[in-house]
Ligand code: ATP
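Form predicted on its own, single chain, as structure tokens, below.
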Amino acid sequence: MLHCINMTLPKTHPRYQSLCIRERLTDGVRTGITSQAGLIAHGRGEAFDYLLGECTTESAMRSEEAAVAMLLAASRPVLSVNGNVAALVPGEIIELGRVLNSVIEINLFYKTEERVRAIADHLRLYGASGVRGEHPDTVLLPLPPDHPRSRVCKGGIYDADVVLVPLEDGDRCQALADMGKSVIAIDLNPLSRTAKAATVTIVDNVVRAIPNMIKLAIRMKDLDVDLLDGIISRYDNEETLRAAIEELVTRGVAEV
């Protein structure tokens, strides 16, 4: 659960968690972790989260289980981290990487050396080690060379078989899928290009999804590979996205 950093607000306030998220992101802009454009992206996701009731839905929980099974069954799992993820769930993404024995790589759309260094330093404050992306041995994804997120690390995203890409852009998600990688997206918009291109789409807020995945990973990490494969094979992303849209519409109509 999030806690507000620089503001006095009773936890009984009905918008407490939402306001804490906003504060962490705006504080991230001040420290160089998040970008101003990232605030706009968050605002768009916040609107969808409001329609979802700001809770993990049944379809999201199914996606989170399938995602964890996929990461546990992977040979080279990688967790991709951008500024918003680093600002909102730094300790949680590190803990998830530890439970999954997964590489963490920083990858940014609005990329500068200063931002990458700030995020790496921020993650280290939460106990991270061996984070990739700060001094990348870069290789190109099948994207235009000038695409901001085309450069990734050998031994990281480039060589991964399964990649978790919270808060991803559609072009890179599609490029990763085209390379034959299994891509897990966390995206509150079930209609986005990212949601449609991913192998598994978690329609949930990252501040709920990552803690949920940690709990699932701890519970599932000793499962036989055949059981993990069974969970993965039963998962249907198109069906799950349809269910997420129905959940959005049903709650939206109920609120009216």
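Just count from 1 along the sequence shown to find any residue number. No experiment lies behind these values; they were computed from the predicted model shown.
This protein has a second form, the form predicted in complex with ligand ATP, left out of what is shown; the following refers to that one.
Visitor: Answer yes if any heavy atom of D204 is within 4.5 Å of a heavy atom of ligand ATP in the predicted complex; otherwise answer no.
Guide: Yes, D204 lies within 4.5 Å of ligand ATP in the predicted complex.
Visitor: In the predicted complex, is there a heavy atom of ligand ATP that lies within 4.5 Å of any heavy atom of V81, even though the partner is absent here?
Guide: V81 lies outside the contact set for ligand ATP.
Visitor: May I ask you to check whether D121 falls inside a 4.5 Å heavy atom distance of ligand ATP in the predicted complex?
Guide: Although ligand ATP is absent here, D121 would stay clear of it in the predicted complex, with no heavy atoms inside 4.5 Å.
Visitor: If you check in the predicted complex, is L167 within 4.5 Å of ligand ATP, heavy atoms only?
Guide: Result yes; L167 sits at the interface with ligand ATP in the predicted complex.
Visitor: Quick one: T56, R62 and L241 and ligand ATP in the predicted complex, is every residue within 4.5 Å by at least one heavy atom?
Guide: Zero of three within 4.5 Å in the predicted complex.
Visitor: Between the options K215, K221, R44, R30, which residue brings a heavy atom to within 4.5 Å of ligand ATP in the predicted complex?
Guide: None of the others qualify; the residue that does is R44.
Visitor: Among L96, V183, C153, L88, which has any heavy atom within 4.5 Å of ligand ATP in the predicted complex?
Guide: Comparing distances to ligand ATP in the predicted complex, the residue within 4.5 Å is L88.
Visitor: Among 71 to 79, 122 to 130, 153 to 161, 168 to 176, which stretch has residues with heavy atoms no more than 4.5 Å from ligand ATP in the predicted complex?
Guide: In the other structure, the partner sits against 168 to 176.
Visitor: Can you name the residues of 172 to 195 that have a non-hydrogen atom within 4.5 angstroms of ligand ATP in the predicted complex?
Guide: Heavy-atom contacts within 4.5 Å come from I186, D187, L188, N189, S192, R193, T194.
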